[in-house]
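This document contains two forms of one protein chain, each encoded as structure tokens and listed individually as structure 1 and structure 2.
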Structure 1
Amino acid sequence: MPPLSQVDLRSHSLERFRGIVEADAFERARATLARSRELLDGRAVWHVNSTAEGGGVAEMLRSLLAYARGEGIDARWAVIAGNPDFFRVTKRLHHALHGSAGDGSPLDEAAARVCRETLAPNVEALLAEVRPGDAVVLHDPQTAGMAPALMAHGATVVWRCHIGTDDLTPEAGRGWAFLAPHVRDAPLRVFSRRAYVPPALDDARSVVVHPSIDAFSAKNQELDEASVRAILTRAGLVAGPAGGGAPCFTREDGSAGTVERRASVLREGGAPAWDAPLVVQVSRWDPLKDHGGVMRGFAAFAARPEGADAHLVLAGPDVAGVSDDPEGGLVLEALKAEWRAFPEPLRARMHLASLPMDDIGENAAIVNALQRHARVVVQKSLREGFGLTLTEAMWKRRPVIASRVGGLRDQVTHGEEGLLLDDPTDADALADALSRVFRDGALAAALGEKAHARVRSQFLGIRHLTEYHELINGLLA
């Protein structure tokens, strides 16, 4: 297994954001990156993580680093390699930082050795490339153990942690006891929420930067209504006719993509008609996304006059063939059993859609179209860090309903940019919130507009990149 690979990055000009974000935010970004260029004086900014594909972190890096390069920063992305044992330990750590036990294996000296042995050749390969004075941003637990060697080498090291839990459960305590020593001396550690900073690292060198979405990706780019309809019809998520549009989208490299594949949908009868209002939740098949609770809330809502025409679409990645997510398959099977227990007229209005994953761009375009077509987007998670799906829907001016948990509270102010459910397990509260939004079109539109404005000012990549570089500039200066 060759350690460490570098990911090819594109280069995009920040100019795309002119006219999208406020003028002062745009100027601040430009000035910050210009200052970085000056301070770096030809040195590189490295980002290091453990996967080039799949997951929010990889998606964010691909897009943010392209803008950094577009502004003349020598941004690089290195991906470490590891064996299954290493990824078992880091998965265990990942669960621990979320407060759960994962496979319950001990986070002991043997686990530490597995990490050291995997990281050693990666560090060696990285040190051959990184020059003293380069900035290195290490992402997530997998790379934390590389921090001391890079600092000793003279790099300016930042550790970026994308996960966490609001309260320090004993499991989280164990995870942090394992991890914190590696990054305690790093000049900066960056978290997604203040509540995620563990006591062991709770000092001025731990700062908060919120995640972001890419407004121009296949997932979030503008799609006109005709394309939305064509994509959803092609994917089998709404009934034909497809209308006059083409099921097309623009890929990251600028080339044209077409949605070809159909979603695999568990349903009773046909797809919803184009004009049937949709309640949508897009999530991985994970118990913490509480799909069952969404179905129960929808069932209560569907019995009311304002819910009489509505359909529910629960969409997630196709797990058939995805060998590294056995958990997702099991969750979906359990969910199908729950679905079968509903009476037939309700089943006819609840669709469990597995979206094709063969082509990531196509998958993203389907998610995009589904979110745009939704009357309401729900994220009824029982726990959540920063919910990207919520931000994606808000960018599309959808009224959103989310649980008042974790990072979702940072994303939405109740009654302003969406509605929050105080008790994430209360299905009737979801039904009430759906009723409110369905009955009051003016409220729905106002929530959607404010949601879009909130994302524009706080949750786009340009703000994210600016904050990273403000921090790096602070260290370099």
Structure 2
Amino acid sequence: MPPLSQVDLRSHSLERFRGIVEADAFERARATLARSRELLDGRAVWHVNSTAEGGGVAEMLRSLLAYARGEGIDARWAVIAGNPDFFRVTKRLHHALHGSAGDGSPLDEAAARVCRETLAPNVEALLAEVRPGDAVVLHDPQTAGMAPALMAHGATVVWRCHIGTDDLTPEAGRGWAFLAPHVRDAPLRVFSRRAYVPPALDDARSVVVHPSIDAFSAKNQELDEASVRAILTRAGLVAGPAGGGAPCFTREDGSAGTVERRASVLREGGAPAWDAPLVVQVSRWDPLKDHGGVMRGFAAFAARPEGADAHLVLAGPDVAGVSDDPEGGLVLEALKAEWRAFPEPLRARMHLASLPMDDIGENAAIVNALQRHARVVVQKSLREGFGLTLTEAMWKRRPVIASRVGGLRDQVTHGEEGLLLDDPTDADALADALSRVFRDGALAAALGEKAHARVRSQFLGIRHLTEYHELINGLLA
């Protein structure tokens, strides 16, 4: 097993946000980070998670820590190492905290031993770097077992849980019984929703901070239509010709990037034409994302007049590029089998796209172009911690349709910033919502504009970073 590693980080100035957010929000951020510099007095703020690539947590850290560093904070990011057995247990915990059984394996002493043995060398390596008085933010179940040793070392520890369920089901109870002892004594625990706080941790040390997106990243930066077309054509997600644009984007360091690689797409026939309206869902290959349900809902919609020309693109990462999710490949293979059961005319309009992960900037640019080109973006999760792919689409002024579950309903008011499905398993309800948006162009445009405004005011990284550092400042003070 390779040792714990540190991620190289850029520095970005908060000045990027001047004029993007309200003046008082900008000044609050500058003042909060200035106070952090004073209280830290040369000490570091560490963030620790289980992967540097793939998934919303890694994307948020890469962005947030760059802005912290740009304001003079010694922000660092460490990634723990694990073996397949460890990630099988943590994926089981991921499902449990969502109220799902996952693979059904026991969360017993054997599972606890796997976690202890995997985390021990990671803790040892981290303690060699962390100084007493440093602040350490541990992210998600994979890192929870590190909290006691870091607290004993004199670090100020915050545990950040990005997932959860509104109802304490028996599965969720098993997951929290496994995890809570490790983080019960942490000075602060951060959740994405108040409802996600379990009874065992429901005290004044459990607080809520919503996740965020980076408006300037390769995934969310502005792209003109010519660039969108060139990127999607190069990636093989729409048919050529590419038009007059170039498949280019701006990297994190400000340099120019070019999309070179093609997605691996399961389809019957060719890619959709540029002018074919796309229904898009972007997410990991996870059973809780309910890709099969999206296909069934699209099949019902495609039989209606307004859906006659539409295509569906289900896009996720190349499973070989996501180290902490051993389930992804199995889920994708099951989804392919389900796709093959549809009649050929439907298979010709439903595309399962695995996006290349060799270059995370390139991957982000492809996602950006795909979301911008979508007529509608769907996030029909059965359960969802927050759902940053929805936030991304909202920022791009896309009309969105989402399940009324978890953090998705914190982002969308039904009929205002998007449409919500009361029953995420109801394929006909998805078809009805798609029909409504396709038939009513004025509604689609209004939903998109309101969605963009909601993200601008509540879900950009400057607000997220400010809240993190207000909490850290409170502990340090």
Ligand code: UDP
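Sequence positions of structure 1, starting at 1, serve as the residue numbers. What you see is a predicted model, and the numbers here were worked out from it, not measured in a lab.
In this pair, structure 2 matches the form predicted alone, whereas the other structure does not. Shown are candidates R189, S212, W46, C115; the hinge separating the rigid parts that shift between the two structures corresponds to S212. When the larger part is held fixed by a C-alpha superposition, the smaller rigid part turns by 13° between the two structures.
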